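One chain comes next, on its own, written out as structure tokens in the form predicted alone.
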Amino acid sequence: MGSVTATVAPPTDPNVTRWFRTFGAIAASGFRRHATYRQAAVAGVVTNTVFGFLRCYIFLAVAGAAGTVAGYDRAQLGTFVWAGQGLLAVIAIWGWTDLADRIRTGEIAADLLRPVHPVTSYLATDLGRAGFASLARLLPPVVIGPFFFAVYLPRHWATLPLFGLSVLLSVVVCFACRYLVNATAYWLEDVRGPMILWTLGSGVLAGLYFPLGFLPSWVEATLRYATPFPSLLQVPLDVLVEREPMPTELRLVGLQVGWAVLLLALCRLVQRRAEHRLVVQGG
């Protein structure tokens, strides 16, 4: 009589499975919510495309007759501009005040009664928003740019997967930064001051207005390794245009992982401290 060997599936923690299902459902709702604003997406694509032309001509003029500047050739600058224009909406550096508004009105009390931690809930929603933006706002500039300018195409097979991972980490890092800025409303109620500082500083230090390579090398290195700002935009774009050797790119993406973990932990710490002193407006 032959023996029968039974294969037993490894047990799974129902709490972990439930957590992933909840996170996925919230992310899907964030995707659907932003997918309803189709006219706004079209208007955003048009705006980003117009500014893409302006930025590209400026950067090419900076490159001049030599054709290279700060380690970028003309084609790499073209890719830097057009991919950057598309990533603006994916990363969403500006404009998010949902948490601050709910703190100011007292509606945050309802968030605290829900079984999902506020940081987790808002992160899942933001990832859903970024998923829609990747389709509606990232792809059009990337497709339009090559019709008018020379662009750089990655030469290594690992670049595109690494770029995708870097963009995902950029979304997480940017979300954490925006959450911390919004969370100042627990103490200040009015976040216009911190929001203005974030808007001005993030654009410059993240590499939006110009590649950080245009700065002196010691300034670029300090920003890259001592602050999270380059992880928002500069790092994924440098990965895409292969400005650095692959080992350096891997270290930069690893640095993004570190910033993402650190800043999310800081978000939870700030949220916990805020809940101890939360005063709901009107009572």
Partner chain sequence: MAEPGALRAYRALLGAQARSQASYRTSFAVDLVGNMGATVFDVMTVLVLFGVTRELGGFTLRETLVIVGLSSFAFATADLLVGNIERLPRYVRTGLFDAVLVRPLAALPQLLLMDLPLRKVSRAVFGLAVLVFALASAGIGWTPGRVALALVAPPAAVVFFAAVFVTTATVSFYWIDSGELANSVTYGGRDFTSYPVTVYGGWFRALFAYGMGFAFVSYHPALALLGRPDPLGLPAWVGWASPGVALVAAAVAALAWRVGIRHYRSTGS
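Residue numbers count along the first chain shown, from 1. Given the structure is predicted, the values throughout are model-derived calculations rather than measurements.
Form predicted together with the partner chain: not shown, discussed below.
Interface membership of residue 54, defined by any non-hydrogen atom within 4.5 Å of the partner chain in the model of the complex, is confirmed. Of the heavy atoms in residue 46, some are within 4.5 Å of the partner chain in the model of the complex. Shown alone here, residue 210 lies within 4.5 Å of the partner chain in the model of the complex, counting heavy atoms only.
In the model of the complex, the partner chain sits beyond 4.5 Å of every heavy atom of residue 252. Just one listed stretch, out of 107-115, 175-183, 202-210, 158-166, contacts the partner chain in the model of the complex at the 4.5 Å heavy atom level, and that stretch is 202-210. Just one of 219, 62, 246, 28 comes within 4.5 Å of the partner chain in the model of the complex, counting any heavy atom, and that one is 62. Comment: the partner chain is not present in this chain, but in the model of the complex one of 196, 150, 188, 143 has a heavy atom within 4.5 Å of it, namely 196.
Not one of 103, 127 and 139 comes within 4.5 Å of the partner chain in the model of the complex, counting any heavy atom.
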